[in-house]
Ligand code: GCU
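Given next, in structure tokens, is a single chain: the form predicted alone.
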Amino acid sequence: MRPFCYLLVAAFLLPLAVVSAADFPPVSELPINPELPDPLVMLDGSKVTTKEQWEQKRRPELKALFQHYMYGYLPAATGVKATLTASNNDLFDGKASWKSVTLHYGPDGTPPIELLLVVPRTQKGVPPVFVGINFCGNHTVLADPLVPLTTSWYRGSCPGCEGDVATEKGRGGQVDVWNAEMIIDRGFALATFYYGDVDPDKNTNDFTDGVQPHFFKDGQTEPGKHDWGAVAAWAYGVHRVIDFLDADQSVDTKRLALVGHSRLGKATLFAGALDERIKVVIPHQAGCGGTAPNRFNVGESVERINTSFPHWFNDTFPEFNQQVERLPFDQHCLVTLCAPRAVLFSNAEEDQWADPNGQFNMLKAADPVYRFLGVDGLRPDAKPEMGKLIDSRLGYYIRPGKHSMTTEDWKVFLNFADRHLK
């Protein structure tokens, strides 16, 4: 199908804290704290005692702290222009339709996002939607030959990969990972995009071939210490996709769930923490740098992740490699930024690298903020029992098996979303 009809989409202005780098001390001057920081205590040591203090002071401070010391600062939201590139109204024997939309955003030359939107046709009303970042391209999510192959840098471990190029051999290769028909049958839409469209995952930190250089300031030729890494860039891509969905109106963005696996789970939690339009946040097996604690070295450590994946975070985060106790937050604080919205940590028994027990402890440590805000958090008697979904507002699930996203996981995601969206 030939592209047609550019649509100007108003950007959602993220309520990011306006805090300059000068407001925070260098890493070497941060106090040592071997315990988990209290999310309700400000950086200056003062205690948050009212909801107004949380909303007006502590939440903005935490957003800025995470960006300053770990993920990097996101640029301001930009407008989005959308072009329909392909579509099919007869998917799954007529139960669904899909369209592929190219999203242009940012300064001229910024790499576009190719969004695949699958919508049920056999139900009344506008459906809720799962947004997800995929590892291998939209053409692997559905087997339909009309879905465009990704033309971005390609992940070598994906089906049908030849070097760094996607091929027809991979079409439909992740149908069982994304389970689009199951999602449709449960009354949800699915919006997904390939993470390589936003920032190639090449294990280098030169940031020359993703979105970052297109947002450099005048005269800037390389990222600064607090500029955004790949995890933040993928999260920024999520925000721009939601901008489009808000304007497109074929799905109900007031009932929106976000899901991502592994490193994309890290991006999912960060995106959810900064964007209140995301009502259910599901970072699946996200581990270190996402849902697992930084302070307690079970599985992957801060030093290991910064060494193996230097492009994921900003250039300040490695300063904590040998002194994680100086971090003025831990990952439970990122969960509190989602409050009072629902968050599910899902895990696998054999994936100890992602520290499933530590992740449960992050939920426990976030629970007091949910209750401070007047809502339930983690169910008081909750224990990480194998194969049983804890579906409280702070949810937890662990199953037998390995590091993967499966059909069984999607049954859990859908049940959790039903509980908190419908």
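Numbers for residues come from their place in the sequence shown, where the first is 1. Being a predicted model, the structure only gives us computed values, none of them experimental.
Just so you know, the form predicted together with the ligand exists too; it's not on screen, but the next bit is about it.
Practice prompt. Indicate whether the ligand has at least one heavy atom within 4.5 Å of a heavy atom of His226 in the predicted complex.
Written response: Flag for His226 set to no.
Item to complete: Answer for Trp353 alone: is it within 4.5 Å of the ligand in the predicted complex, judged on heavy atom distances?
Response: Judged by the heavy-atom cut-off of 4.5 Å, Trp353 is in contact with the ligand in the predicted complex.
Item to complete: Answer with yes or no whether Ser262 is in contact with the ligand in the predicted complex, where contact means some heavy atom within 4.5 Å.
Response: So Ser262 counts as contacting the ligand.
Worksheet item: Quick one: is Ile305 in contact with the ligand in the predicted complex, heavy atoms, 4.5 Å cut-off?
Response: Residue-level check for Ile305: yes, a contact with the ligand.
Worksheet item: Is the ligand in the predicted complex near all of Lys266, Glu300 and Trp312, within 4.5 Å of a heavy atom of each?
Response: Per the other structure, all of Lys266, Glu300 and Trp312 touch the ligand.
Item to complete: Would you mind picking the one in Leu258, Leu344, Ala286, Val231 that has a heavy atom within 4.5 Å of the ligand in the predicted complex?
Response: Contact residue from the list: Ala286.
Worksheet item: Here the chain is shown alone; which of Tyr73, Phe135, Tyr154, Phe320 has a heavy atom within 4.5 Å of the ligand in the predicted complex?
Response: Checked against the cut-off, the match is Phe135.
Item to complete: Give, in sequence order, every residue of 373-407 that has a heavy atom within 4.5 Å of the ligand in the predicted complex, or say none if there are no such residues.
Response: Contacting residue: only His403.
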